[in-house]
Structures are given as C-alpha cells and as structure tokens.
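Given next are two forms of a protein chain, the same chain in both, each as structure tokens and marked structure 1 or structure 2.
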Structure 1
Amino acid sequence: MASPPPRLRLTGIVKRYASTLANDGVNLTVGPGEIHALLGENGAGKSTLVKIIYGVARPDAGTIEWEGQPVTIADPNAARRLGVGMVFQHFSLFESLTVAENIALGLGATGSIAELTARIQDVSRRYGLAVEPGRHVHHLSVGERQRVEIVRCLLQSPRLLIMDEPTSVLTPQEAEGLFGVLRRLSAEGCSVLYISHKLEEIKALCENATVLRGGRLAGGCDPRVATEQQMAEMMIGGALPVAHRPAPLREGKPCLEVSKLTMESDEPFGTTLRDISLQLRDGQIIGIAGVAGNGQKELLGALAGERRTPDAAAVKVCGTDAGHMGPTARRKLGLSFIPEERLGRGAVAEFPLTENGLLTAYPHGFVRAGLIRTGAVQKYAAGIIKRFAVKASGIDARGSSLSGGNMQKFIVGREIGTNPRVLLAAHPTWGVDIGAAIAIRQALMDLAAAGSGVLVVSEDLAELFEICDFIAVLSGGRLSPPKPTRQTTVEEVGLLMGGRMAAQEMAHGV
C-alpha cells in the first residue's frame, strides 16, 4: 500500500496509577492532516493518554509510533522535537510580560525579540490569529491568551497539535474563529487531536473520533455521521436519560431582586460590577451567560452574602433587604447557593457526607442548644444520597472519595433539600459526567416547577437554552437585560458575551 503511515499510532497503551488503571490497552491512530476527536467522561483516561503523547507520563506497556517509526517520548522537549505541540486548558503565561517575551520564554529562543516579533506577526497574519506581540498579557482577554498559546505552538511548526478543551473559555464567535484556524492547519497537513465534551463542536469540526470509557477503548466513530446521542451513549456505556421541563408555574412574586448594584472587586485582577439590576420571580429560571472572569464570581459573592453590598437594598431576598447580611442570614431567608468549586468550597474533602450535608443546612433545625443533632444530620445525608442516586460507600464516605459528578449531585441535593425559595447555581454541571448533568438539570427544573426561583450562571450555552426561561449576559461586569429564551439565539447571546472586548478596548484606547 502506498498510503503514507499514520502521523501517530498508539497500540495497547497501559498506564497504572497507585491502585487505578488509567489506561488499559488503548489504541489511537491519527492520520496526517486529520482532525481527530478524543471523547470521554471525566476519569475516562483522556488526560492520561494525552500526557503520554506529550511525554509528561510514560506508559507501563504499549507502543508509540510516529510516522511509522517506534519512538519513546521521554519528556515534553522530546515531544516538541518530534513535532507535537499542545495547548493546555490552563494557560502558562506570565501576566507581567509581553506576548513576545512570553513566547520567547516558551521557545527558549536565541534570536532577538525584534526578530521573534516579526515571526509572530507573520504566523498571526497567515492563520488569522489576531495577536499583538508588544502587549502585556494581563491586558488580554482569555480568548486572546489562548491565541498566544496557539501562536507559540505554531512557531515550532508542529505536525500534531493537541488541544485540551479549548472552547470552554471562548464565546461562540471566538470558537468559530478557532475552528477556522484548525481547519486551515489540517489542510496544510498538520494533524489535530481535539479533546472536548461538547459534542456539537466535534460534529462540526472532526472527521474521526476515539471514545474512551473507564480507561478503555469504548469505540470509534465518524462524528460527521454519528448522532450526538450515539456518541454520548458510547461515552456513558448505556442509554441516555432525557431531562424534561415540567409545565411552568404561573409567574409568582419576586424572590430575588437586584437593583443598581455597583461594587468594586476585592481581588487585584477582579471585575467591577456596574449597575446590575435583575428580578427573579418564583417559578422562573434565569440564566446568566458569559465567559468566566466577567464578574460572575463577584456577582455570586454579592448575592450569596460572602461579600456585603454597599447598599443594603441593592439585594433583596424574598422582599427583605439582604445586602448587609452574611450567608447564614440569607439562608434563613430561603436562599441556597451551589458554588462553582466543589471540593474545598462546596464540600470539605476530609469530612464525611454527614458533615458535608450539615455544612450549609445547619440553619434549618440541625442544631439544638449548640449541639449537632447527629440523627437528623445522618437522615438528611441518607435522604440526599437516595434521592439523587449519589454513588458513595455510605453516609460516612469522605468527600474526597466521591467522583466530581457524585459530589456535585450531593451538593445540589443538599442545597435543594432545605426547600429554598431562591437557588443560585454556579456552573452546576461543569466537568460533570453526562448522566449526572442531566440529573442536575432535572433537579433545577423540578425546583422551579415547585415554585422556587432559580438563577443559573453558566458558560454552557446549550444548557442555558435547554433549561432557562430568560437569558441575560454578564460581560465586563455589566448585565444585559434578560430576554425570553425563545426570543433570542445563540448568536445574539454570543455577541453580547464578546461585548467585553469592545468595552475594554474603549477603556484602554485613548
């Protein structure tokens, strides 16, 4: 056969960590110029496989062939010498240096900065990656930072580019721009290994897919032909449950009112909230879309009471001025909050589930005369585990022993279990496996159907369009007026999400 050898072929890869098999006999073949999707739930072994390709981890068994030749990849330098480039989910850029200086550091380049600047401009023109070499990184948006990382990889003329969840920080328009770049690279013969859990993106971009499940190969498919449902079922290894929205309740009284909230961030690179107004009514689900870092953390902190607002009336919970109240007082008014981070914030890793249940439920009758009512706390934790089918060894299981999805189901169960009138949910299904994500969305919709107001902050537009009655966009610390979900589109929301760039340009350009 005259066809060229595959760019990369992995055969029978095995990798064991302490007591778990992270990869067990995994095969993967990426052809020249192919855009190949690597799919799988959290813990399926995607990251391990990628670490092996990039030389961060070494396989315990199996072979790696690069363009037909067996190779061992000792470290990331060896991987780069072969022509493997990688853009990580978390960027490694120095805030206080310029783009060109950052790239020079990453390349270990010997030439002058001026020479490098010319090369950066050349690459950025060729691929339509708008990057200004002289700007300092701390001025850049997340999308711009990602472009810097991509340019850094492209300067090394990679023959295989690995992208780890690249669109999780991008607006839909930015993501479309990225796809253009990747298609162009593919046309020039550079292979792309694309890791994502967003199936619609994979359908739009990739020509081949490898699916992992529990460290093993679950199969492969052509994403252009397979349906999203088929791919999802391959990932979870079973039929996909379907979430459905119960009939919406008639609109009730306002349960959460925010009026003209303006507040400085207390963090050095935080976002100032500007003039935010919002009214959430009983039975409604309002979604707040936006790229992380546009004030989500600050807004949620101000609503949940971790930060007090300057004006007590700026936040009202169930008609009461709550701006000056702490989290406990707001909980007593009927507010619940599912935070963004799970272990360490939403739950304590070394506490058993009983105490993790108590963590925020304590104002609701779990303490008598200063002592914890152990029996009631145990019953509460057992109830959550049963209702949300949380996989745990029991009510005494430590938080750290649960998977991310199961921990999140427990946290959601705890916050819903106190019958809140207002529920704040921050990225409720981020990084959660598909089955748990559907269960969580269903729980939020059921809560709204029972007459509570739900505010969901999420970067996942598909999720917001699925469950919300209204969608607003947070950008640069400003909130757009909520629009009924049926009267808006992903494109319109995406443009509002990107609004931050324009606002920032105005702030800096004088």
Structure 2
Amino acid sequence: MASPPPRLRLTGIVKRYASTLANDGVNLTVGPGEIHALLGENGAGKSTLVKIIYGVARPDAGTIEWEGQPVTIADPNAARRLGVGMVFQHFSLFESLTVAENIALGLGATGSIAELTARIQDVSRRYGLAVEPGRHVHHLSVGERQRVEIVRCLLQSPRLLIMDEPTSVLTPQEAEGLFGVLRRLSAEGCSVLYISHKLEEIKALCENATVLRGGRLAGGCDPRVATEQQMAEMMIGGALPVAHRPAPLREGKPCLEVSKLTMESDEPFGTTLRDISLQLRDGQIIGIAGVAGNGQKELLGALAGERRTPDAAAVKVCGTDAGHMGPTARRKLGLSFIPEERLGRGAVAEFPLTENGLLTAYPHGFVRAGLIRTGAVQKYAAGIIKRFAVKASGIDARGSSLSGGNMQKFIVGREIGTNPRVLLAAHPTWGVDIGAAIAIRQALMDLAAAGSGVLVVSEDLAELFEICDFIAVLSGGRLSPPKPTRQTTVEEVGLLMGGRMAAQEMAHGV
C-alpha cells in the first residue's frame, strides 16, 4: 500500500521585500500527523514562510503542494478552506470587540453569538485554555489574547496547525497541557508546524526540524536526537554565546519601594491589587512570575505611572514618593519601562527607528530649547542597532519593517541606553531567538551589576531562575514574599502561579 503524500510540500520558495530577500529557495515538507519544528533566528525568514502558507503573502517563485496536489493559496480564506489554521505571534484581534465577536469574525461564523459562546466554552474546557467569551479584547493581557487565538484556531478543526511562539506567556503547567493537546491532534492526523525559540520544547514535542538562516535553508535534524546546543548553533551558524552574571559593584540602597499597595482595577474584568509590598535595591534583579491576567498589567501600570496610586507613598522611586506622578515624572527620577506590547505601547509601527528611540529617551538630553537634537538622536539609534545587533535597513527603517524579535531588541536597547536607576521589564525576551535572548539577559545583568535595580515580570521561569536574585509570584492580585532564587524550585514557583498561594490563604482564613 502506497504511503500518503505529504500534507504540505514547499519547493524553491522565494519572497523578496524591496531590497530584502526574506526567503531564498526554501524547501519544507510536513507529513500527515507530524509535529514539525521551524527554527531560526529573528529575521531568518520563518514568519514570511508561514505567511505564504497561510495566504497572507504570495511567493515570488516556487511551488506549494497540498496533499500531493499543486495549489495557489490566494488569501487566508483559501488557506482555511484547505484546512490550514494559524496562531500568529502578533495577534490579529479587534480591541473594541469581545472575545466571542473576534472569534466570529475569524471563523466567518453564521450562527448566533450565544451558540458560538457555547462552542468556545466547550473548547476552552476541553483543552484547558481559560477564556471569557464576553470580555472585550482591550481588557486582556498578552497571555489571555494568546489563548483567544489558540481557541479560535482549534474551533476550525484544522488539518495543519501553524503555531508561532504559542507558549511565550504560558506557565510550565499550561505549556505541558498545550503539548498534550498538540499530541492528541497529531494522533488524530492533524499536522503541526511549530515555531519556538524554546529548544527544550522542540526536543520534547517535535519529531523533525527545519532550520532557516538568513532566509535560506540551513539544514534539518531530529530534535529528539540533536542537542539544544547543536540546534542553536545551526540557527546562528557558529558557537553559542554564554551569558555571565557580573558581580555587583556595591550593596545597594532601595531604588523602588512598594508599600501595601491596594488598587481597584479600572477595567470590568481586571484584577484588583491587594496589599502588595516589595523592595528593590540597587544592583538587584527581582523576578515576578505569574499566569497572565493575575495583576501583572495593573502592577506594571501602577509602577510605571500609567495609573496613579491612591497613596503617593505607596510607590517610591529612588526615595521619592511617586504614587501621584505620571510616567514622565517617574522617568526623570530614573525609571525606565519595557512594556509587554511591542507595537502600540513600546513602539510606533509607522515611525522610523530614530523617532522610536526618541519616544522615551527625549528627557535625557535629546531635546534642547524645544528643538530635537537630530544628530544626537541618530547617533543614539545607531548605537542601539549596533550594540543589540538589530537587523534593520538603517536608522530610518520603520518599526513595521522589523521582525518582532528585532523590534524587541531595539526597545530593550532604548530603555537600557538611558542608564536608568530602575528598570521595569515585562517579558523582555518574549518571542526572540536564543542568541537575542542571551544578549538581552546579559544586558539586564550588566545593568544590575553597574548598580541599577531591575524588576522583571515574566512567565519564562528558566529566564527568571537564570538572571534573578529573588523570585516572587503574583496570583489573584497578591504578591508572594520574594524568595532567594537558590532557595526555591521551578516546581514550587509553578504551583504558586497555578493558585496554591490563594489556596493557602483561604486555608488560613486570609
């Protein structure tokens, strides 16, 4: 009996954007029921390739075969009709609509919202991906939005599921649950094309891997046999850099103090912060872990000045009561902020990198007598590009022209470049490749070693354990006491993220 043809075969795919050759003769084959990894650095051509498969982009050359037959995928509707579903790294959701309304648009659903809501709740329960169909998207955290995208995709019963960094903001327990879902889909015959920079996930989940580098095919491997280091070196084309934590210059003074902070959320489905206390010292890195939607957005807003606190003394920056200050005033005290949303909050897609650099750095000598010091701004942007190896056509490249990981590197560089006394970093390495993640972590550790305090909010526990001196967990709007990293475990932190702290409080009548 003849074996079935591949679910998907790409041959000689070429895609050019102006002077950039994003894909250069790429081949890819994915079999029925196969979980196949697509690996590469940021800017290697992965996103372009999957956009071609999903009909968002058209190849300039090459062929696409679906189950042995040549096809032209004109748009995402054509892809969905074939049976291709995709969860994008950058979400395609309308902020002003509810979860159910967004999913209805994505599915082209013709039934009632009530019927769709019931289907969403069924899929959500079955796969352990908690979403609330009636919530508006603009109230959701990044992690919650990702769950919406995954649920929307699963409702399509896809035959090929493309997943771009699906676990970036999931806890280890949630990620393992998602792996169970993908393995079950694979057993049922659904193919999975899986993009992730977390190589331990690739080894645990995937049976084949295709590696891109510089838009070209760099090779392939069996992730179950290859080591993480071997895969990383295939991606970067050389030896993997290693991050080292330098010794701090001195025992630091408090640079950020939070005292019994309690704040009601200003959003209908938001999380109320309850009695949060924290002290960050110069030279320290404190990590805050937690499942998305447990108050991270509210806490960072209160610390960054996007929301004023009821008590001015509830937040102190470098010894100054800052609770009633806005973001600019707090930045003048020495605070910088890397937000979780790259485009929209961290950068403006249509602005060139020079202007994106100026957005938050302008109080640091880049404006004089109301006039922008153009030469200084250009030099600053060029310095960020060079230091963080940002792949861009130059300082005038628009934010929208950069890959997600390269935009993240630019934002991180912009915030670190002002030499802040306090740096708030939300998911600093979300969606960046392993080389860039190492560079960003090294920059955070170097900043702390130079005497700054760094507060990192992340759901990447490996990252927190690698760079942090202390780890706390935010759950249900409450913050656990920071614990020395060496005195806790990934399992213990994961359990606190999953709600054990709330269960303990209930047991003790808190």
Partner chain sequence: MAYRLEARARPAQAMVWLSPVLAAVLSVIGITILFAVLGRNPVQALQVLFIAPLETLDGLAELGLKATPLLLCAIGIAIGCRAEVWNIGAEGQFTVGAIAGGGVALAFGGNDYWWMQPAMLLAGVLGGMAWAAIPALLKTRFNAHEILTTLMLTYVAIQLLGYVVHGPWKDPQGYSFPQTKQFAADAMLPMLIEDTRLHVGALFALASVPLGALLLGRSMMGFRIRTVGAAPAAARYAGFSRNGVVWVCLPISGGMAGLAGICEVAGPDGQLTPVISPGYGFAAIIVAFLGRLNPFGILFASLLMALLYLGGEGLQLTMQLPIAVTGTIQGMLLFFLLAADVFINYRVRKLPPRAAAASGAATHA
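Here, rigid core means the biggest group of C-alpha atoms that superpose within 1.5 Å across both forms. Quick caveat, the model's predicted, so the values are computed rather than measured. Reference numbering: structure 1, starting with residue 1.
Identify which of the two structures, 1 or 2, is the form predicted alone.
Structure 2 is the matching one, since it is the form predicted alone.
How about His136 - superposed on the rigid core, does its CA move between the two structures by 2 Å or more?
Yes, shifts by 2 Å or more.
Kindly check if the Cα atom of Asp282 is displaced 2 angstroms or more between the two structures relative to the superposed rigid core.
Shift at Asp282: below 2 Å after core fit.
Against the rigid core, is the Cα displacement of Ala37 between the two structures at least 2 Å?
Yes, Ala37 moves 2 Å or more.
Core superposition result - C-alpha of Glu200, shift between the two structures, Å
Comparing between the two structures after core fitting, Glu200 shifts 3.4 Å at its C-alpha.
Value in Å for the CA shift of Gly219 between the two structures, taken after the core is superposed
Here the C-alpha difference is 5.8 Å.
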